[in-house]
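Below, in structure tokens: the form predicted on its own, a single chain.
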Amino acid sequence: MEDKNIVLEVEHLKTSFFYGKKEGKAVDDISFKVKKGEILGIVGESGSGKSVTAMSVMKLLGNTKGRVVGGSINFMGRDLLAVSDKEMRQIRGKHIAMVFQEPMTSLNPVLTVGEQIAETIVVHEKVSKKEALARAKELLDTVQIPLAEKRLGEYPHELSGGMRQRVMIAMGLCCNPDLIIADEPTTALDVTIQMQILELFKKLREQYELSIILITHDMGVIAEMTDRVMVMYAGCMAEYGDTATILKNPRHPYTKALMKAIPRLDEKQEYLDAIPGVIPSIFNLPEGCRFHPRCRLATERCRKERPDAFTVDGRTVCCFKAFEEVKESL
């Protein structure tokens, strides 16, 4: 029976990029769900496949050499991979909105803030421009931009980074979407403004019962903001489940390594633990477990076989070592 509480369900998603005869597996067999009013975090280093996952859900890979090659994306009972481009344009903005990580490159520099927000409202809501501008002012008030009426007539370059990001959030909210995907929404901001933006997302979630996918590389943000988390590495899922459970007792070596790289105030740390090496190119992926070249616990089996997912303590893990540890504890 279909669970009406689930807004988005992604199953066995595979997205590849093609250059000549080469195929690069940017997202390789990941599955996750987002419930109504829930914040799901997707975390991992740069190159893990987080943004490609978001672009796949939004079907925004059309102008690239990438495409979804497997799996399903079910949004509120609709298979997004089966809908036409015209139908998808109606879904984007109205039902699913995206907040990109660099607002200065996402906003049109030659249009005022008011024009850009109003344009989206007019397209989806079929209202007059005057009504759309009135709604735009309300949205700027909602995202706590001071002197909202004045800001409507300003251009993106006249606003601070924090204000531009709030404008992007306002644009995302303009048609009361069911889901917002926020791709590194605080990356280009200073620490004080980062906290304000994150607090704003929390308030909007409560106010509108929004579902949010929050993409980040910051485990501190994950701990502060999310209900559930998916840890990604080189296009694969490492660990997925309840945030509190995973942060309290991470089972995948990659999750553990990310946790150890976080500075702690309650411990004396002369140096932070670094993860050796770098994420591999999607065109030169290692055999077996993707993480094994950087994993201190890797065995010969890890180098040859890709681990299957298993479930324990309500979370999903893909790791031979973690599976052995669970078996021993039973």
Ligand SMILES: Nc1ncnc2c1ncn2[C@@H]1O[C@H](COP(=O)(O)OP(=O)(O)O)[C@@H](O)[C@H]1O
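All residue numbers refer to positions in the sequence shown, first residue = 1. All of these numbers come straight from a predicted model, not from anything done at the bench.
There is another form of the same protein, the form predicted in complex with the ligand; it is not shown, and what comes next is about it.
In the predicted complex, the ligand stays beyond 4.5 Å of every heavy atom belonging to N284. When the ligand is considered in the predicted complex, G49 lines it closely, a heavy atom lying within 4.5 Å. Taking the partner from elsewhere, T64 is found to have a heavy atom lying within 4.5 Å of the ligand in the predicted complex.
The closest non-hydrogen atom of A26 lies within 4.5 Å of the ligand in the predicted complex. Taking the ligand as positioned in the predicted complex, none of the residues of 86-110 brings a heavy atom within 4.5 Å of it.
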